[in-house]
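Let's start with one chain on its own, the form predicted on its own, as structure tokens.
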Amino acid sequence: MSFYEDKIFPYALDIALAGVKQTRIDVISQAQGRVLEIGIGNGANLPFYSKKATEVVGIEPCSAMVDMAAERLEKLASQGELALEMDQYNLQVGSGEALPYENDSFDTAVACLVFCTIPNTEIAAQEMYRVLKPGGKVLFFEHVQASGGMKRTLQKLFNPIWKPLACGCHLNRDTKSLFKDAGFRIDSIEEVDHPKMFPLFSSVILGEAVKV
């Protein structure tokens, strides 16, 4: 990874995530049982898990980010801001496209503003489906391609410029269709323009998808 990706982007990410904190809490606090968060990044979501989770496994391809997440975890624990015990969190370096876990081994998967950056989203969605137990849920909050109009045109225009600035983030992915194509049933979904996000990537989906 580059100096920018390791040292600068994580702090820019914290600033961007601060505006959508309540949405992240609303989604992540629903996670139950053994939980997998794909693309845990610098651990910004760690304090939002509740006691409904029995284990939180976080996987992230950038080792520098995982180190930051581990430091954040220790700090949160020392401040009494974690719902679970330290040994119930497991942070690992790895790829969402090749999850190192057995079939049917998680109750919940969390996808929080991550499918915009995964290189091969189809394989990652299939991997997430594989490791969830039958009836297991994906809790998702993702920014996606606008439904149409000038905003969608601008997303397509600016995407090649935006990707290197945001470490591979795409402005115009159709993540809802991605989940459906992987075999998930969409049980609930909101498709809205988030008022706390920059207009170019404020088109979001949030809800639940179930492994059938």
Ligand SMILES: C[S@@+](CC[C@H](N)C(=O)[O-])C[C@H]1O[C@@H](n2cnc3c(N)ncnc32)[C@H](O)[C@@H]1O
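Remember, predicted model here, so these are calculated numbers, not experimental data. For every residue, the number given is its place in the sequence shown, counted from 1.
The next section is about a form of this same protein that is not shown, the form predicted together with the named molecule.
The shortest heavy atom separation between residue 182 and the named molecule in the predicted complex exceeds 4.5 Å. Contact check for residue 62: a non-hydrogen atom falls within 4.5 Å of the named molecule in the predicted complex. Of the heavy atoms in residue 97, some are within 4.5 Å of the named molecule in the predicted complex. Taking the partner from elsewhere, residue 58 is found to have every heavy atom lying beyond 4.5 Å of the named molecule in the predicted complex.
The candidate spot formed by 31, 47 and 137 is out of contact with the named molecule in the predicted complex: none of the three has a heavy atom within 4.5 Å. Look at 113-121, 84-92, 100-108, 129-137: in the predicted complex, residues with non-hydrogen atoms within 4.5 angstroms of the named molecule sit in 113-121.
For the residues 40, 178, 27, 53, the 4.5 Å heavy atom test against the named molecule in the predicted complex is passed only by 40. Annotation for 165-183: no interface residues with the named molecule in the predicted complex [heavy atom within 4.5 Å].
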